[in-house]
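Just the one chain here, the form predicted on its own, laid out as structure tokens.
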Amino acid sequence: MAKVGIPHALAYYLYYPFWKTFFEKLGHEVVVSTPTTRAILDRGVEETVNDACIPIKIYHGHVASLIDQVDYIFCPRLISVRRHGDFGTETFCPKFLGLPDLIRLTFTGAPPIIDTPIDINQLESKPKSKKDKKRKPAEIMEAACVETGDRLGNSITQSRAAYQKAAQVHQRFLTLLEQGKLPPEAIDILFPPENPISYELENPEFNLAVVGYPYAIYDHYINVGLLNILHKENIKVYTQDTLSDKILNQEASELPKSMFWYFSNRAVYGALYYMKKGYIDGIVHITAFACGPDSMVDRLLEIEARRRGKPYLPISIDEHTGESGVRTRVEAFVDMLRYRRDKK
């Protein structure tokens, strides 16, 4: 049995239930780094290249915290995880694509890195006809799991069985999201901790859509507790992660062209969806400073919100972001919503 380390950052918030189930079904122990702390952030800033965005810096800090605790670091090479139909090629940003290499070169004494590539849009290695055919996403994920299991010494049969179980848990996770649970809530339902997270409100004063990259929305340290601030203000939060891929892709038709990046498209499509809903009182976009794609997302959402008459609040975060500054902006935004409501 091996100890497999999963950093509590980046793709953790959408895929942790799948990979935790997979590794444990194979008989291995999953070790997750703690939620982000100041020490993790400082270590990440110290280790990472200067031009990295804050989420990448934090990821390095999480990896550093795991090095002495595990036999392997799980850092898959995320290339594509969604079929995007007629909307163009969709992938992850370059830092995601090169993340395993960044980690390997940064931490020369780290345990082996499991960097299985995940590419839903890959072609068959042996096409059945002259025209290349794409394999089904489930077949590609199963193959990736077999490759991952092989790295750990598991057989093909064991890996396929573990994949089937992981896929079932992942579907339960998606169902919870579509029922309105945020990813941290859904994870706590699937794997109950002593103190589960809950953002339930009986009579919220306002409903806000909070969009952005999941690792910016749900990492309470990086966004200085934004969701908790909104909860204390009696505001119900909706995010793009509670929407199915079918709904998100329907919103793609609103744009003349989609962007190239998976998480960016999810934020844009989710915001466009919520801008059309009368029960949503405003849009909050959490954006990571020094993120190139995010700068385009923010400008696009600002234009669309103004055009549709929907209040819009961008919040930029980096390693210097303070709670008082974010709280002040949120309180001012809520006061503006109250003024608009009372004026009607």
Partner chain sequence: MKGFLGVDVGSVSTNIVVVDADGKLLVDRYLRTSGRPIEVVQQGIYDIGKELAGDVEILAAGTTGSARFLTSMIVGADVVKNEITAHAVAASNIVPGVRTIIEIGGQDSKIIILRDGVVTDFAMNTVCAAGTGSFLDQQASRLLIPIEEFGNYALKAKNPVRIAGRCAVFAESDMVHKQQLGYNTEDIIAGLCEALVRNYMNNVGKGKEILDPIIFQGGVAANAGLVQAFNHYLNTEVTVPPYFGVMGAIGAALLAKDIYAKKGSTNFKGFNLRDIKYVTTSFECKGCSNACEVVQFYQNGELLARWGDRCGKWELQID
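Residue numbers count along the first chain shown, from 1. Remember, it's a predicted structure, so these values are computed and weren't measured experimentally.
A second form of this protein, the form predicted in complex with its partner chain, is not displayed here; the remarks below concern that form.
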>> Does any part of A64 reach within 4.5 Å of its partner chain in the model of the complex? Heavy atoms only, please.
In response: no
>> My question is simply whether M141 lines the interface with its partner chain in the model of the complex - judged by any non-hydrogen atom within 4.5 Å.
In response: no
> Using heavy atoms and a 4.5 Å limit, would one call F22 a contact residue for its partner chain in the model of the complex?
Replying inline: no
> Does Y221 make contact with its partner chain in the model of the complex, using a 4.5 Å heavy atom cut-off?
Replying inline: yes
> Quick one: which of 50 to 58, 24 to 32, 308 to 316, 275 to 283 gets within 4.5 Å of its partner chain in the model of the complex, going by heavy atoms?
Replying inline: 308 to 316
> Check K181, I189 and F191: does every one of them have a heavy atom within 4.5 Å of its partner chain in the model of the complex?
Replying inline: no
> Hey, which residues along 19 to 49 are within 4.5 angstroms of its partner chain in the model of the complex, non-hydrogen atoms only?
Replying inline: T36, T37, R38, A39
